[in-house]
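Quick heads-up: it's one chain on its own, the form predicted on its own, in structure tokens.
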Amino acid sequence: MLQATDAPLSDAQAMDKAFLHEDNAALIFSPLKFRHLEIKNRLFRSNLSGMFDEYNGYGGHTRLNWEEKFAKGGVGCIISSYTPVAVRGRILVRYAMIDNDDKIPFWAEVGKRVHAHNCHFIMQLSHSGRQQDMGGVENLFKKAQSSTSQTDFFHGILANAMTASEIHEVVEQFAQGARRAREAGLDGVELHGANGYLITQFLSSGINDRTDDYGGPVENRARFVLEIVRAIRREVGPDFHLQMKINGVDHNDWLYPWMKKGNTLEDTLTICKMLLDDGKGVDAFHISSGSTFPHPRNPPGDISTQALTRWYGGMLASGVRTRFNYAIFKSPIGGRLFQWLWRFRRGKVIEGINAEYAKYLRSAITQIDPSIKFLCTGGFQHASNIAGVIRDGSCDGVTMARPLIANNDLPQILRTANGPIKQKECTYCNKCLINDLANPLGCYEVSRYDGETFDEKWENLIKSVMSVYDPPLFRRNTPEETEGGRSS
């Protein structure tokens, strides 16, 4: 059974570098046909956003600017950032939600902006469970909903195992979120069943310790998400695109060796088969790994304890282990040990880190239903590697997040080159994600920016990060606009 963790790129991927770039580009920019959806190319922006919306979960104009940047950049489809189906399911405040019909107009505007660039938009329906960062004042005195009453082992968020009644309520929240996405004119929904959030908390053998119908064997652990899939189909019908993001392997014990290992590839394959639901279930799978977020395999790359020390302070009151974590990050010795463990557990491979998992699952599932498509996430930013994983059958398309933050126009680069020039490549430093705890989401790797001095580079960094606020919601007309008859 495949359990590779740090294996080099497959032979097919390595051989792919022998292909001409024109061959790779032709494959990458060929349409991808799902059962009920066709995308213009094989490049998806993965779920990604900053705290750009209103505190109460209504969308903001900055989000519109943010999503439009990537549609203009040339990706075929955008998967929304983590979108809570209920306020109990927040990870951070100021993320737009889909918990009420009155949120539909905003998401309709998002779809309109993205569609104008011949780009599709899939909403990621999400619930944090016990994996919250800063859940907001609404959740301040409530234990998090989860499959378990065990405290989250990363931040130490207190949790309560959900009752059957609560499970049914959350299932319905997912179903109504999907209905709202369809009514907003979006192109599909994705269930976030990877990386430690609520659905993972039910699926994972390393987390789920229930003894009722939702715990125990993998078939029981998958009952929660299968009920969600069926409830969504009841609301949106068989022809609305539905995909599932799922861990290939959990690696639940990689940061804390005393924890249970979690799901294996065989467990995941069993779950995927169940979610086909005899042709009435999901249309595609999106393969990731790691049963928590962040995890050495997701997002794969480095971790800056300096940035963690600077920005993690806002989370100190969020969980019972946050002060311990902060002390580790801040300690010169503890910080280095943490970085060493992070890099050791990640292994050498970053770009295509989940490809072997996707290949194993895709091979088995498409023998049952050839219409099912697979997406794979994991640091992709070079045409040879993207074409390689498509060509060798690992996946049908790739999702990208940090490389698109670094280069919003990466798809346009890939049309003519194998990737960005070395200085402009994503360095996988993960400073973008750490800064999101306190600052606008953007690329914070100073070395990537033009300039002779640090100050010049930093000034260009700030311009890039702040570009998401342009155009602003309110502004005074320029003289040219006034003379031209435009008004704001």
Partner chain sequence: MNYNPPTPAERVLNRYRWIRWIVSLLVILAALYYLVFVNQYVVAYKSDLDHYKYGSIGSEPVNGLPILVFKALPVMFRAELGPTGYRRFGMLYETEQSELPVGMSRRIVSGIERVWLNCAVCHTGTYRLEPTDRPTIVYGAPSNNLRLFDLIKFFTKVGSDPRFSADNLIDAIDGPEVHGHLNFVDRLIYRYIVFPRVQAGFQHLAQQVSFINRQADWGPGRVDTFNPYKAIQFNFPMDAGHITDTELNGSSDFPSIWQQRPRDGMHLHWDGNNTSVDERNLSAALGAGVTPVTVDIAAVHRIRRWIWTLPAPPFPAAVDRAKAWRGGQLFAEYCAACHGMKNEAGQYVYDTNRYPRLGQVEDLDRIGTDRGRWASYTQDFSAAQNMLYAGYPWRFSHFSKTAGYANQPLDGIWARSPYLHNGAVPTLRDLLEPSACTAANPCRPAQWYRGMDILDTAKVGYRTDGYGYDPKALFLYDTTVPGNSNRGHEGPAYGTGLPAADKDAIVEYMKTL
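In this text the structure is predicted, and so the values were computed from the model without any measurement. Residue numbers count along the first chain shown, from 1.
The protein also exists as the form predicted together with its partner chain; that form is not presented, and the subsequent description refers to it.
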Tell me the stretch among 167-175, 314-322, 265-273, 85-93 that has any heavy atom within 4.5 angstroms of its partner chain in the predicted bound form. 314-322
Looking at the partner-bound form in the predicted bound form, is Lys142 within 4.5 Å of its partner chain by any heavy atom? yes
Contact test in the predicted bound form: Leu158 vs its partner chain, heavy atoms, 4.5 Å: yes
